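Just one chain is shown here, as structure tokens, and it is the form predicted on its own.
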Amino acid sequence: MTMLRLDKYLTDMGVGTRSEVKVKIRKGQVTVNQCVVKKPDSKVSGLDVITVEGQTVGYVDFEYYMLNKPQGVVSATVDDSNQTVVDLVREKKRKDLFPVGRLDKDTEGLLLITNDGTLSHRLLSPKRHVGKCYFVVAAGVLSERAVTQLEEGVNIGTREQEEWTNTAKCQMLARLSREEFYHEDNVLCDARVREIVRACAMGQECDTESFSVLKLTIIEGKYHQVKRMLQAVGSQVLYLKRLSMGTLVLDDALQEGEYRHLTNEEIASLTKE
């Protein structure tokens, strides 16, 4: 790897701010290959063994985490009043992690957390048409015409300033009456999801006597896009969860708020998107 200043190396690995790290170095709390080093601008590499107060600090260029984002957490790196998705990754080594794209505060599911800007650009670039699949519970019964409209593109702007979506894929999983949706035998939505839908429906003026359950795959990422698409066909999203992004599929073993490192195979597949 490229040679780095010792203070930058330690700052990148989250030991502290640049000024805090410099203090530790000058106090003799840092060793390089078992030798105390007191100059912050000393050059080191990933091959060196570096410790801070007796704890080894290894260097990594990039980190990749799959997060099952829960509701109530914001897709940001820093927020003054809310917990962020980066806060949830407790074992991170780098301080420059960020979410690839955004999920609304009330949206759950797959989110990639990394510091690889090149990969992020590849996945989010409109020119690459990387698909993002969502599980949706919507109010009312979506007609076949509405499904066709979602697939062909809808205007999520206004009459005066139109904003048309690109083509999408819409897989209708079920159209359920209120009784069918809330019945314990409803295998499409577990009890937790049904309670979330109930709470959401209570706060919205919409048809909650019936529900549509579907998977919607889009190839762009406009602001509140899925919600606006459903509104454009006369419905409202009551529950939304992202299932996949390109070749990366949410691990069923991850509970809400849990995360894991991406495998080498997952990373390699994403870089080919």
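From 1 onward, residues are counted along the sequence shown. Predicted model, so just to flag it, every value in this text is computed and none were measured.
The same protein also exists as the form predicted in complex with a small molecule; that form is not shown, yet it is the one meant from here on.
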Non-hydrogen atom within 4.5 Å of the small molecule in the model of the complex for each of Leu112, Leu248 and Ile267
no
With the partner left out of view, is Tyr134 within 4.5 angstroms of the small molecule in the model of the complex by any non-hydrogen atom?
yes
4.5 Å heavy atom contact, Lys39 and the small molecule in the model of the complex:
no
Contact label in the model of the complex: Lys27 to the small molecule, heavy atom within 4.5 Å
no
Does the small molecule get within 4.5 angstroms of any non-hydrogen atom of Val85 in the model of the complex?
no
Okay, which stretch from 222 to 230, 54 to 62, 29 to 37, 207 to 215 lines the small molecule in the model of the complex, with non-hydrogen atoms inside 4.5 Å?
222 to 230
Of the options Leu103, Leu123, Val73, Leu150, which one has a non-hydrogen atom that comes within 4.5 Å of the small molecule in the model of the complex?
Leu103
